[in-house]
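Okay, so here's just one chain, in structure tokens, the form predicted on its own.
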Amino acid sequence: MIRANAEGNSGEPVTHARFRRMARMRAFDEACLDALRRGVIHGELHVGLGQEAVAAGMAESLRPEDAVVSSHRNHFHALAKGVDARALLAEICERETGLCRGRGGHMHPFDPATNFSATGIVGASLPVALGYAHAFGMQGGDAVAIGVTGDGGSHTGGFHESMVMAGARRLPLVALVENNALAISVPFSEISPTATVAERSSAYGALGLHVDGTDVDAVARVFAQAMDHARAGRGPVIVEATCHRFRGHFEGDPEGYRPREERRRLREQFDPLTLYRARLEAAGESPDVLDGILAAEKSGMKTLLAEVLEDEMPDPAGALDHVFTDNAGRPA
């Protein structure tokens, strides 16, 4: 089976494209970690290592007209939506060449060209995605809005209210819940009234789907089902993808809530790249080919970071530019 990958290159086997996409996402966040160690990124940084398969599987069902609204852990979703990796990295590194000219930073990248945005407020992605879905419903057509949140975000009032409205109006909204079993430090099993988030869907008149978020093939299949449902006007969908966060909630998190041995076990047993590589090799894929994909993506991101770090920082004199608007004509 051959199809175009998320970056638009055709002629590559689906399996290679999925492996490459996950490798690219991991290399991107590793570049962000490198930038943080160099003191380039200020404030918190949330990386998604261990959750690559969710965004990589989602990517194949997204169209340019669809909207994706992500969370504080947003890099992979941006890449899946087609956001330019250089502009995204420049924004995270607070450069003038970034998506928001260095003003939004890691938690608030916006890219109107691809209908991508993110918010650092837990659960706040769903109300914004609901607005997109309402607009799409009024306009006709078959565009879909995707709101990405975590298991903690699924317990917020905004999530509940958004799903109620989407269900009542049969809006094209897909709520993607990346359930990594931790709301910062609180285990999902200790605060959830149900075993899964997906099983709550019937209360909203929504379709509920649950998938192993470490299996990129499964995610691609289930997310395609969700998008087909929403595009056909059959109402909202909750897609719950169970996965694992390999690092702390943010860089610098002491992670006193889980022992080091548990973190090591998660990496050894649930790394989506390792799992997919084993599947491909068992099917006869050459280890050298897979090594080449990993090396190429890592090298490419190192080069990209080196280029970005040569870009200009924003001029402090323009700190209020692109933030406010008024009748005097201050730039929006």
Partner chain sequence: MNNRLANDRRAMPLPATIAEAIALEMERDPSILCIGEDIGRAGGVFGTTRGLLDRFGRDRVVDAPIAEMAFSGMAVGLAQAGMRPLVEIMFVDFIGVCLEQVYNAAAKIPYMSGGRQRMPIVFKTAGGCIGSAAQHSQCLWGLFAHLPGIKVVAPCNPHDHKGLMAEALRSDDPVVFIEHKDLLLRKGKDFRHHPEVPDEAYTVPMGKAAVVRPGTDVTLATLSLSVEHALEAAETVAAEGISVEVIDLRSIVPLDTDTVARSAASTGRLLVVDEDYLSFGLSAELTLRVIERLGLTGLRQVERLAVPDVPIPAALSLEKAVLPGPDKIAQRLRQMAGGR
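Positions refer to the first chain, counted from 1. Because the structure is predicted, anything quoted here is derived from the model rather than measured.
Beyond the structure shown, there is the form predicted together with its partner chain, which is absent from this document and is the topic of what follows.
K.L.:
Is its partner chain close enough to 89, 147 and 306 in the predicted complex that each of the three has a heavy atom within 4.5 Å of it?
P.N.:
Heavy-atom distance to its partner chain in the predicted complex: none of the three under 4.5 Å.
K.L.:
Given a 4.5 Å cut-off on heavy atoms, tell me which of 219 to 227, 205 to 213, 117 to 125, 74 to 82 is the interface stretch with its partner chain in the predicted complex.
P.N.:
It is the stretch 117 to 125.
K.L.:
Is there a non-hydrogen atom of residue 178 within 4.5 angstroms of a non-hydrogen atom of its partner chain in the predicted complex?
P.N.:
Contact with its partner chain, no.
K.L.:
Residue-level question: is residue 285 within 4.5 Å of its partner chain in the predicted complex, judged on heavy atoms?
P.N.:
Because no heavy atom of residue 285 falls inside 4.5 Å of its partner chain in the predicted complex, the answer is no.
K.L.:
With heavy atoms only and a cut-off of 4.5 Å, decide whether residue 42 touches its partner chain in the predicted complex.
P.N.:
Result yes; residue 42 sits at the interface with its partner chain in the predicted complex.
K.L.:
Against its partner chain in the predicted complex, would residue 195 count as a contact residue? Criterion: heavy atoms within 4.5 Å.
P.N.:
Close contact is absent here: in the predicted complex, residue 195 is far from its partner chain, nothing within 4.5 Å, heavy atoms only.
K.L.:
Just to make sure I understand: among 226 to 265, which residues lie within 4.5 Å of its partner chain in the predicted complex, judging by heavy atoms?
P.N.:
Going through 226 to 265 in order - heavy atoms within 4.5 Å of its partner chain in the predicted complex - there is one hit, 257.
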